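Form predicted alone, single chain, as structure tokens, below.
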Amino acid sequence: MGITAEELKSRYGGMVFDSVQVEATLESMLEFARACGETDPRYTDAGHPDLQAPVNFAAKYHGARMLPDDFPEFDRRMMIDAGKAVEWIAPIRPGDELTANSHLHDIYEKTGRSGSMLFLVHRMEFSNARGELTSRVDWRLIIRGGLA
């Protein structure tokens, strides 16, 4: 293909390529908590004085685009959701209007038993209407066959 993981990282790393707005409604927070089997009243009791979304709540959202518009196309098999990690930073409260900005946080290659693989770490950073960062969600995409 003629491009290295480092070149991809240099060109696309950190560049915000998608932004979505979502509302954390009371109903969606309580439903998510129930679906996760959460039992802590902070997440399940609408009358709790410290009601907030479960720490992994932001992982339910996704952007409109997976990769930047001009990101190279690979003629390989891609695993779209090869793992998620959520970093909780501050509570998400009922009614919070969240803005989620997406960028490629990391790009790297590995060689395993099945050969070369290119890993793309897509990061969404969620901020509330006050501009406070509430959480980061990283998810990995794997392209089998790497850049070769």
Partner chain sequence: MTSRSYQEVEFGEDLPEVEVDVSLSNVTRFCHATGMLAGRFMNHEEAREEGLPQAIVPGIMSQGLLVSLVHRWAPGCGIRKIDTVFRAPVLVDSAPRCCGVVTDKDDDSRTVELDLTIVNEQGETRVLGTATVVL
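Numbering follows the first chain given and starts at 1. The model shown is predicted, which means the values in this text are computed figures rather than measured ones.
Although it is not shown, the form predicted in complex with the partner chain is what the next lines describe.
Q: Please state whether every one of the three residues L67, R77 and L118 places a non-hydrogen atom within 4.5 angstroms of the partner chain in the predicted bound form.
A: Verified in the predicted bound form; spot residues all out of contact, no.
(Q) Exactly one residue in G95, G63, G112, G83 has a non-hydrogen atom within 4.5 Å of the partner chain in the predicted bound form; which is it? (A) When the partner chain is considered in the predicted bound form, the option within 4.5 Å is G83.
Q. Counting only non-hydrogen atoms and a 4.5 angstroms cut-off, does E38 reach the partner chain in the predicted bound form?
A. Contact check for E38: yes, within 4.5 Å of the partner chain in the predicted bound form.
Q.
Can you work out whether N101 and the partner chain are in contact in the predicted bound form, taking contact to mean some heavy atom pair no more than 4.5 Å apart?
A. Heavy-atom contact with the partner chain at 4.5 Å: absent for N101.
(Q) Whether H105 contacts the partner chain in the predicted bound form should be assessed with a 4.5 Å heavy atom distance threshold; does it? (A) Although the partner chain is absent here, H105 would stay clear of it in the predicted bound form, with no heavy atoms inside 4.5 Å.
Q) So in the predicted bound form, does L51 come within 4.5 Å of the partner chain, heavy atom to heavy atom? A) L51: no, not in contact with the partner chain in the predicted bound form.
Q: Could you list which residues of 37-59 come within 4.5 Å of the partner chain in the predicted bound form, counting heavy atoms only?
A: Contacting residues: G37, E38, T39, D40, R42, Y43, V55, N56, A59.
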